[in-house]
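Taking the form predicted on its own, here's one chain by itself in structure tokens.
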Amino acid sequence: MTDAAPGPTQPTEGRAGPDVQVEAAFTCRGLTLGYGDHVVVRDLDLEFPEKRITAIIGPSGCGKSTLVRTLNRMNDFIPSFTKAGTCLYRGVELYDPSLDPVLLRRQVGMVFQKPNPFPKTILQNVTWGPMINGYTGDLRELAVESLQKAALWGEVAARLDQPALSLSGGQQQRLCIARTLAMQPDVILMDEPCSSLDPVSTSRIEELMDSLRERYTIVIVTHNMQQAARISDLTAFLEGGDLVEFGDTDQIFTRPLYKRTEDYVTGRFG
């Protein structure tokens, strides 16, 4: 292991790691992000392969959330946000004038740190998005399918007309995932989705992510090293706005190329 200046690495062969046949959902080249004059992510080169779970790890303030919120243009709502370099979604620049951010967010769904169900019924939470976006199929059937995919149907089948806020925290987070799935997305972004949950609920969310990995591209920001090691196929380690190392999760956690990576994943700092 070296103490030389870190730089991004390519994924290595291993558990569900990408190969030349795997298409990238997102491709970032020279991506620099910030707020006003403050640079948060610097000159990032990174690809997110489709139908894989990619974990983004790193100390607080290293740019993880800024990066993941750029992938569906949530940062557009921050007036001081700045972007340089390219970030392609399916080959189209995210900030190309021809790309409608509203349509993008239908394809690239977001699950936030804290559950944020609407103050409506469980059923309305799942069907509201598709309904206002002109879904022409059977909304109830779509809701049942989405709740089943989110591993929540068995717990709420007899409670669909009850308030979503009557659910437990873990159930609310799975409801938010079902709400995202009902929009039939291509990508699911998760920004520390388990940080406010108890261990049992966290385990449920991880099991759910594992069941979704073959159908969706998932990007998760997490401070939990054990969680990243358990559920992700690939891991990107950011520090101080720089990509230190990127590769197959097994390699990052057991054979990191840089001592800085080893120090972080083993808890010596961060």
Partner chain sequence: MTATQLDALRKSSTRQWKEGSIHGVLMTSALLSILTTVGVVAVLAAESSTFFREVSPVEFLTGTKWTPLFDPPSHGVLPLLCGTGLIAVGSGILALPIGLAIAVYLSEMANRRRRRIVKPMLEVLAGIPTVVYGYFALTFVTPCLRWLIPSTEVFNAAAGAIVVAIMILPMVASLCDDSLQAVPASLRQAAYSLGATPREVSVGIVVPGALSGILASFVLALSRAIGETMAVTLAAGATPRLTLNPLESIQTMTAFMAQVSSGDAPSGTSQYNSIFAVGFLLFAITLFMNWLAQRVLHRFREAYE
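Numbering follows the first chain given and starts at 1. Small disclaimer: the values here were computed from a predicted structure and weren't measured.
Keep in mind that the form predicted together with the partner chain is missing from the display, and what follows is about it.
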Checklist entry - Which residue among Pro199, Pro119, Pro97, Gly137 has a heavy atom within 4.5 angstroms of the partner chain in the predicted complex? => result Pro119
Checklist outcome for this item: In this chain shown alone, the residue from Met110, Leu142, Ala151, Leu167 with a heavy atom within 4.5 Å of the partner chain in the predicted complex is Met110
Checklist entry - What stretch, of 66 to 74, 47 to 55, 210 to 218, 236 to 244, brings heavy atoms to within 4.5 Å of the partner chain in the predicted complex? => result 66 to 74
Checklist entry - Should Lys83 be counted as a contact of the partner chain in the predicted complex, where contact means heavy atoms within 4.5 Å? => result no
Next on the checklist: When the contact criterion is heavy atoms within 4.5 Å, does Leu160 count as touching the partner chain in the predicted complex?
Outcome noted: no
Checklist entry - in the predicted complex, does Arg179 have a heavy atom within 4.5 Å of the partner chain? => result yes
Item to check | Non-hydrogen atom contact Ser195 with the partner chain in the predicted complex at 4.5 angstroms | outcome: no
Item to check | Heavy atom distance at most 4.5 Å to the partner chain in the predicted complex, all of Arg230, Tyr258 and Arg268 | outcome: no
Checklist entry - If we check the partner chain in the predicted complex, which of the residues in 74 to 106 reach within 4.5 angstroms of it by a non-hydrogen atom? => result Met74, Phe77, Val102, Arg105, Arg106
